[in-house]
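Coming up is one lone chain in structure tokens, specifically the form predicted alone.
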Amino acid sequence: MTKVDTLIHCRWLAPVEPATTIYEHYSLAIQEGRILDILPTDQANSTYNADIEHSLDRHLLIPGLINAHTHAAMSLLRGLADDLPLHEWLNEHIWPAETRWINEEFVHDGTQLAMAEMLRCGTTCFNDMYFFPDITARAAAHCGMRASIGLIVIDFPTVWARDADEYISKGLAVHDQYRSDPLITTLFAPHAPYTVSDKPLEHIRVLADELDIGIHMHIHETAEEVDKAVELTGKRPLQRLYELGLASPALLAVHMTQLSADDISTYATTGGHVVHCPESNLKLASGFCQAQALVTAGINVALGTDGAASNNDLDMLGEMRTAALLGKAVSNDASALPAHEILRMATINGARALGISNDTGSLIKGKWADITAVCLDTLETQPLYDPVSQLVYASGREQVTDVWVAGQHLLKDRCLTTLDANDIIERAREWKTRIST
């Protein structure tokens, strides 16, 4: 028998690749953090001898969920300014609060709170956009969570940098620091077309090409954004980005709620990605992303929660259900965005958008063992005809029992193993006291 580090036996396994596949009574053999083998449990028991063995005979194993757009540290602003339109929420409440309170301690504590929540929701990787990206990267690496760190760029000064040149310079230093880290990757993160001018966007395009990294940006989030751009420049924001050379396979366009048929067909030719954040868009009344139309056009669509200040949670299982239901209503088609497609959006599509699909996003031999276990033997998920359908339409985050990242058991029977939940809660309460006084 072959010795391996870990064997995980399960009732069902949805590897995502091949598409729509579900295995029953299967096992994963893990060695040095990667998936060595996937095979029927009876064969696994006769083939491998493991140092650690888990029998999850009531569970569905899926690839770890990928939150393709969030602002992790904003967890500390959860519920601060609810039930407001986006620009009022942002300009009159969130940006003033950030100006007063953002520092390294805020970002560290908020990121830890976010990671703890995401792990307990089955998320193994998040794509972040926020100030002090070095602190976010350090927190993720320390806890063992996979992260794509946005190298944020804005024209105006903040506590992180004075101007676009300094944002880019400091971002490049973060990229250099983590360029060889197995858990941390980087992307440029210019905030939005209305907060970043042409010169820094052109500079970012050149650097992204040289470094072969992506560009993560809020685009066409509201009708007001698009209308103001047309009024000021005579161009829709996407048209400006095309002319600047940013519309390419490197671009992750977040939100995209204001799209014409021409926008969709033209964007499809660029190879760019879209990150759909349905719950944040609904809460801020930003509009509806035409996710099924994007998929039909051949555009890779991933899922994100946005930040907890506008969602107000980081629950990717909840986001999956909302995306599925909203997709049917927006397209007026009950067959739109079926459960297996939604699971792909939350896993392999996110990995492709982030440029890490060779290493994660599906459960196949050779990839990192980024795995989420969901217990489906609950009253709320009975009877069970299709485990992926139950996952998307009937399951809740409380059913996520175990999570592994690169083979490391970060959530074990609902308990975090590398983060101190009690300490995180206490620090969150302390921040609430500071911010609300």
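All of these numbers come straight from a predicted model, not from anything done at the bench. The first residue of the sequence shown is number 1, and the count goes up from there.
The same protein also exists as the form predicted together with another copy of the chain; that form is not shown, yet it is the one meant from here on.
The partner is not drawn, yet in the predicted complex one stretch among 209-217, 138-146, 313-321, 125-133 has residues with heavy atoms inside 4.5 Å of another copy of the chain: 313-321. Of the heavy atoms in P338, some are within 4.5 Å of another copy of the chain in the predicted complex.
Among heavy atoms of P85, some come within 4.5 Å of another copy of the chain in the predicted complex. Using a 4.5 Å cutoff between non-hydrogen atoms, S75 counts as a contact of another copy of the chain in the predicted complex. Remark: G396 counts among the residues lining another copy of the chain in the predicted complex, judged by a heavy atom distance of 4.5 Å or less. Three-residue candidate spot L326, E380 and A428; every residue lies within 4.5 angstroms of another copy of the chain in the predicted complex by at least one non-hydrogen atom. This chain appears without its partner; in the predicted complex, the one residue of E105, D333, E92, D262 with a heavy atom within 4.5 Å of another copy of the chain is D333. A heavy atom within 4.5 Å of another copy of the chain in the predicted complex is found for one listed residue only; from A116, I356, I348, A247, this is A116. Residues E279, L282, K283, L284, A285, F288 are the members of 276-298 with a non-hydrogen atom no more than 4.5 angstroms from another copy of the chain in the predicted complex.
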